[in-house]
Every structure is written in C-alpha cells, then in structure tokens.
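Here you'll find one protein chain in two forms, each presented separately as structure tokens under the names structure 1 and structure 2.
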Structure 1
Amino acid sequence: MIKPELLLTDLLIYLLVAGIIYFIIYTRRHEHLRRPWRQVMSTRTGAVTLVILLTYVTIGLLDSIHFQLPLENQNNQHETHYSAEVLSVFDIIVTPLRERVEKTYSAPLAAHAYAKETIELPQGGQQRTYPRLLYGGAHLDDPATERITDIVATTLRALAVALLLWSIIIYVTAWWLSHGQQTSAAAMLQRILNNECATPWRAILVCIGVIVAILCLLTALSAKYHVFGTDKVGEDVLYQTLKSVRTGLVIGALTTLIMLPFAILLGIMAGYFRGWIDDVIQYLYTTLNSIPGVLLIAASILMLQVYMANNAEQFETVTDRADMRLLFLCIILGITSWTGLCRILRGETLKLRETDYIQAARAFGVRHLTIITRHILPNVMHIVLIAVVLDFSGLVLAEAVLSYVGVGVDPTMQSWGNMINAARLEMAREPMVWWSLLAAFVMMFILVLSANLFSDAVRDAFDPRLRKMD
C-alpha cells in the first residue's frame, strides 16, 4: 500500500485550488462579477490562452499528488518499509520517460549516442564509433536506413489518432452545448463552425486540437525515442521539461499569493488614511526597494542552507529538503516583490478617496473599514488582477535567473532555471548540446506569453475605463 506524502507546497497548492473553486462559485452567483469574465471568454485571445494555461495547471496538479511506494518484503516481515524516492501521479503516468535512462548525451530522436566511444567489437578488437542507445531507437535493426521512415510512420499514426480524438471532442462539445440552447447537436456544430456563438468555441476547439495532436505525437514518439534527447547523465529531457512545469507554477502562484496581502492592505491604507500612516508605509517600501533583491534572496537562501545542514534530521527525504527551499524562496520573493503593486494601489486610492460617493459616505459617518471593503477595494481589483497575472509571468522568469546564478531552487529539483544553468556548460562543449536549453526556453516562453496575453484580456474586461457594456 502506498504512503501519501504531503509536502508543504502541495498543501498550499490545494488551498489555492480550493480558493479558486470558491471564487468561481461565488462569481457565478453574482452577475456584476460574471459579466467581465464573460467578456474575457468572448475574445479569442482570452479563451485560447486560458486553455493553454489550464493545460499547464493540469500537469502541475498531477505532479502535486505525492506518495512513496512500498519496498519488497524479502524476509516476510510484518512491518512495511517504503522507498526513499517520493513520486507523484505524473511520475507514474510518464514512467517510461522516467526510467529509460541512457549512458550520457543523445540528440533528439536519435538512435546513437552523441559522442564517439571506444567499443569492443564482437570479433575482437576495438573501434571508436557512436554506440547504439539502450532505449532510443532500440527497436530498429538498421537505424541509418529505417529511422526516418519509422519516425514519419509513427508521426502519421499519432496524427490519425489525434484527429479521431479531436473529432470526438468536437461532437461531445456540440452535443453538450446543444442541451443548453435547446437545439440539435448538428445545428450547434454548424454554429460553432460559422463562429456564431458568444464564446469563440471554434478557436477553443482548434487550440484543443493542437494540444491533443502534440500530446499524441509526444506519446507515440517517446515510446520509441527520446523526443528532446537526453542530458549529461542520460535522463530524458522531455521528462525534465514537463517536471519543471510544477516548479514554475509554484513559484508564480504561491509567491503572488504571499505578495497580495502586503500590497493590497498597505497600498490602500497609505492612500486612504494618508498622514503619518502614508509616511510610514512609503518609508517601508522605499527602504525595501533600496536593498538589492538578489543579495537579499541569496543571503536568505544561504541561511536556510545552514539551518538545513544543522538540522538534517527534520527532513526525511531529499524531496522534503528541496520543497522547503522552494517554499522559502517563494516567501522571500513575495516579501521583496509587493512594493510595486503597493505603490500603484496607493496612487489609485488617493484618487478614489476624493470622489463624490466616497466623500458622501464619509460625511454620513460610514466606517472606514466599510468604505474600504465596499467602495475602494472593488474599484482597484482590476489593477490587482492585472498585476497578479503580470507578476506571475515575471516570477517564472525570475526563477530561471535565480537558478542560473545559483540561489534559486534546489539543484535536485527539476526546474527550467536549473536546465538553463546546466545548458550553460553544455553550449560550450564540442559538439554543442543545444536541446536542453531549447526545450526549457520553448516551454517557459509559451507559459509566459500565454499569461501576458491573458492579462491583456483581463485588463480590457475589468478596467472600468475600457469595460464594454452589454
């Protein structure tokens, strides 16, 4: 029986997901909140980028359910011992990628190693050549003549399966939407194809089709080859890239969650109360901004490393140590990154407190807390939402930079920053190993670009000056 392993970041992710579910339920019950989100989903950019972001989130959630597998009971003991390796549901799904480890580097979709080695010939003697890989292209008798044909045939079969799955998804979507519109599935499908729906379902389904095609293609090819090649120790780069998704999401989401209370509370207080409260808060974030962020993060991480080295008994596994460092990095980034949003909210609150309806509320003796929660906070939430999404993408990039300089996440944890840091030396070798850097860059680029485009759609929907009236 497996042993559940609840990491600290897992717990915070579960709480964050529960909060998002509550927010969705609350929003569905209030028309004034539902209207701007309908506008977000009515744009092709907002709908498509949301589908892409949900794909990343799905991978991150599957990688956040951790457990330890039991070891084989060799002496018929009643006590069950568990492996020191902490796995996730995602690890089980991609077990072949995790377990198929080569000796060292291999190029994408290759059947031979990337560097020459001296091998023993069957008839005796030695030869310096490119050895065959243990798993990549192992099913081929003659890779020189069969590999390209096999890759093309596998790709065509995967695309055929993807087309079938996409057709089923399209029909199910049309059937589901037809029940709410009191029409037939065929008529609804025609409306989707003609782009006559309020929600751009045609663009959404095209995006889903591309994602399904990519998943089918990666699944089919990774069963026979290393799609993105392998690294120095022979680990599959595709596996490392997908495992890094959770780290990027945790850095972006949890750091933003830690930052928001400081920014919202202090920013609104400074702008609303003014006077000595404003002076103290301005002095606080001005002082914090004057400290180089990288130096503060580096000092904090070094202190944490000293603490973990002196209290090694508190961490049962290597995963626990890496998770503690990740959580501590999120806390430090949250403490050092709230000042920008705080300054913006202070300026917006200074403007709002002079409006007629807030002056009237103060004249009638309405409590300050009521004015802040009912009048000021709802009118600055569009700024908060935009800042959250923009800060999320900025923090994902910050993790890569911090890991590159050696003060990011633990080296044992899979992250795009660690992949880029390792690629620094790989790019300098001859022949050059480029695929680790490219894989990390592409995955990070898609996530950050989608987050930025989604923030533009959110800004257009929630900004009172840009909001479209129904």
Structure 2
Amino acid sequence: MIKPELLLTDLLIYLLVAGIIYFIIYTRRHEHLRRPWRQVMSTRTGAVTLVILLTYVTIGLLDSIHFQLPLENQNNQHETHYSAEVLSVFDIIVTPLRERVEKTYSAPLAAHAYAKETIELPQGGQQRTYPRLLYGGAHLDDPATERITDIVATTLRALAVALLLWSIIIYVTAWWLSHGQQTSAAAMLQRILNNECATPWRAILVCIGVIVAILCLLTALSAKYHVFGTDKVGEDVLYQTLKSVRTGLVIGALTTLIMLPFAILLGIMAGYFRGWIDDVIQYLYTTLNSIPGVLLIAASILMLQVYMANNAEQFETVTDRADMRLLFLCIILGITSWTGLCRILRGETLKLRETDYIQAARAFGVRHLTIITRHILPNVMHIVLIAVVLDFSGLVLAEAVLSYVGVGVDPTMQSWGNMINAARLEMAREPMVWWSLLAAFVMMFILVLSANLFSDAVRDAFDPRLRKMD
C-alpha cells in the first residue's frame, strides 16, 4: 500500500484546477463569455500556445500527486514503514531518469565522464582517463565508434514511432470532429489539411506532432543516455528540468490565486464605495507598493528561514519544508503583486459605477452587494483575466531571479532558478559546463514565450483596446 501525501501546494493546485473546471463549465453556458474564448481558439497563436501550455500543465499536474512508498522487507511487522522520500506520479513514470545517477558532470549524450579521473586498472596500476559512465551509453562496447551510429539509429526509430503515433492522433481527431458534423472522417481530414475549420486544427496537429516527436525522442534516447547530461552530483539534467516545471507553474499560478481575492475585493470596494474606504485601501497599496518588491521578499524569506531553523520540529520531511517555503514565496509574491491589479480595478470600478446601467440598478434600489456581483464583477473579469495571464510569465521569470539572489524556492527543490544558480558557478570551468544552464533557459523560454503569446491572444479577444498594463 502506498501512503498518499497531500502537500499544501498540492491542495491549492487541486483547488485551482477545480476552479478552472468550474469556470470552463460556466463559460460554456454563457454566450458572451464563450465568444471571446472561441476567438482565442480561432487564432493560430492562441491554439498552438494553449497546446504547449497544456503539455506543461500535464507534467506539472502529474508531479502534483504525491505519496510515500512503503519500504520493503520490514521484518514482517504488521505496520508498514514508509520511505521518507515523497514521490509523485511523475517520478514513478520517469523512474529510470530519477535513479540513474552518475558520479558527477557528464555532457549530453556522453558515454564518458566530463572530467578525468584516476582509476584503478583491472590489471593493477592507475591511469588518469575519462571514465565510462555508469548508465550513459553503458550498453556500448566501444563508444568511440558506436556512439554516433547508435544515437542516429535510436533517433530514427523514435521518429518512426512518433510518426505512427501522430498519424493515429490525426485520424482520431478527424474522426472525432466528423462525428458531430455528419461528414466522413476523410472529408474532415481534407478540411483540416486545407485549413478550412474555424479552429486552426492543422496548426494544432502540427504542434502536437512536434511535441509527440520530442517526447518519443527523449524517451528513446534517455533510456540509454543522459540526453541533457548530468550535473555536479551526477543527477540527470533532463529529470531536473522536467521536475522544475511544477515549481515554475506553481509560482505562476498559485501566486495569482492568492492575490486575486485581495486585488478584486479591495479594488472594487475602493472604486465602488469611495470615501474613507477608498482612502484606506489607497493608503494600503501605496505603502506596500513603496517597498521595493525584491527587498520585501528577501526580508520575508529570511524571516521564514530563521523561523524554520528555530522550529525545525514542525516539518516532517525535507519535502514538507521545501513545500512550505514554496507556498510562502507564493504568498509574498502575491502580496507584492496585487497592488497593480487593485489599482486598475479601482479605476475601472470608478468608471463603471457611473454608467447608466448601474444608475438604473440603483434607481431600482438594488443592494450594493448585488450591484457588485451582478454588474461590476462580470464587467471587470476580462481585466482580471488579462492581468492573470500577463502576470504568469513575469512570475515564472521572477522565480529564477529570486532563486539566484538566494530568496527563491528551497535549495533542495528542483527549479530552473536553482539550476541556473548552481550552473553559474561552473561558468569559469574550461571547457564550460553549459548544458544545465541551457536546458533550464530553453524550458523556461518555451513556457514564458507561450504564456506571453497566449496572453496576447487573450487580450486581443477580450479587449482589443486595452493598453498593456504596466
């Protein structure tokens, strides 16, 4: 039996997912909400970036179901003991990646270690050489001659599998789409290829194809090699990069989840009630705004570190500790970032409360709470949505910077920031250890670029005239 482990951030992620599902159902029932989303999905950028984002989200979600495995051979006692290591579904899927740890650095797809070592020769004596890796290319007899051919062959095989998988996906999609429209799957396929659908299925399928190809390639190669190399302690960099996805997503998503209630409630209240309520809220956000964000975060994280050091008994596992710090980071980032949205919402509410339809509602004696929930909130939701999507990419980038400064996520937690921070120290080595750095930057870049392009599509659909919010 496994023992489920519910981390605090997991709980919030489930909450967020539930909220998003509710939002989707709600949107489907309301034409005025569906229209802009249809427009987002009808643009190539919107649809493709959504597919990419969903790929990231899938990895993140798989990595958010945690449990502890029982330890084997427990002297036949009735109670089972559990490993202190908290694993996720994702960890199980990529077990080989997780477990095949080398001694230290190795370059991508290498069969030998990166640094020379003195090894004991079997026939006695010592030699300084690049030792073979424990796992990377271990199946090869003579890496110097076989490695390249092996890699090329594996790549081709993987691509062939990918092509097969992709064809199946295309056919299933066409069949599924044709189902509702009384056409044959072949006719539908023709329409997709000619790009005649309202949703740009051709672009979506190409994007899926690329993702499938990459997945197959990574799966095939990583069974025999360390595709992105290994880091200082010999851990597979690909594994680290993928594990960092959850951290990045949590920072981007949970922070907004935490700050939204404050921003919405206070912003609307300030704009709607005006007077002293407005004064107090304005004072609050001017004060918070005037503290340099990084310093506030730094101070808070320092405090948390001290608190944790003094109360170490409250945290059972290392994972618990790291998770607590991640959540705390989200809260602090939320506190520093709600002021912008709050100010925008206050301004918008000030305008809205003077509109004729709210005047009409007041003439009917409709209560304040009803006016706020029925008239104001739905009419500022597009601003909230745009702000959330825009903030997301900024927060993912911020995580890296904060981790570098030393006030980001826990050093034991995999994150792109920590990877960059660790790799930076090796910049001076000759030749350079570049793979961790590049892997982290590329993964982060794809996520942030997708999020940025997606937010552009969302903004165009919901409010073409809205200025970039600064």
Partner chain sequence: MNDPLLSVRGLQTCFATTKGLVRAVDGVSFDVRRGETFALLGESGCGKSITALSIMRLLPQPVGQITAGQILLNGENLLTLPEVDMRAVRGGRIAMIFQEPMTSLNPVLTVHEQIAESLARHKGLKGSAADNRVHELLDAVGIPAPKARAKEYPHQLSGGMKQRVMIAIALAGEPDLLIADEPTTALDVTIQAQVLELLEQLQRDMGMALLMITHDLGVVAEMADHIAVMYGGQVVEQACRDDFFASPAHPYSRKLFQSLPDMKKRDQPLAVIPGNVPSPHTRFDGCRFAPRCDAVWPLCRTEPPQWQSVNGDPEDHHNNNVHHVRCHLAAAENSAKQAALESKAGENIDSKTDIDAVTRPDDGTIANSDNTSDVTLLAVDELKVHFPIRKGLLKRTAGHVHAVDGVNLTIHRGQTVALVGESGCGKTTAGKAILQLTKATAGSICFEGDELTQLKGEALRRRRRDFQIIFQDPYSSMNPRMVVANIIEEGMQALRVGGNNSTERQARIDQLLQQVGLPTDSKYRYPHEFSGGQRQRICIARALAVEPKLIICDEPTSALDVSVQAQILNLLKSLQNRLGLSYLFITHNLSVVAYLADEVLVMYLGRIVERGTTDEVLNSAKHPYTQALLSAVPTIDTTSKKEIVRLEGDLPSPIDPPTGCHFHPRCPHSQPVCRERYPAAVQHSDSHQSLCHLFTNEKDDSEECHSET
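Counting starts at 1 with the first residue of structure 1 and goes up one by one along its sequence. Given the structure is predicted, the values throughout are model-derived calculations rather than measurements. Here, rigid core means the biggest group of C-alpha atoms that superpose within 1.5 Å across both forms.
- Of the two forms shown, structure 1 is the one predicted on its own, while structure 2 is not.
- Residue 380: CA moves 2 Å or more between structure 1 and structure 2 after rigid-core fitting.
- With the core held fixed, residue 359 shows a CA shift of 2 Å or greater between structure 1 and structure 2.
- With the core superposed, residue 350 shows a C-alpha displacement of at least 2 Å between structure 1 and structure 2.
- Taking the rigid core as reference, the CA displacement of residue 369 between structure 1 and structure 2 comes to 3.0 Å.
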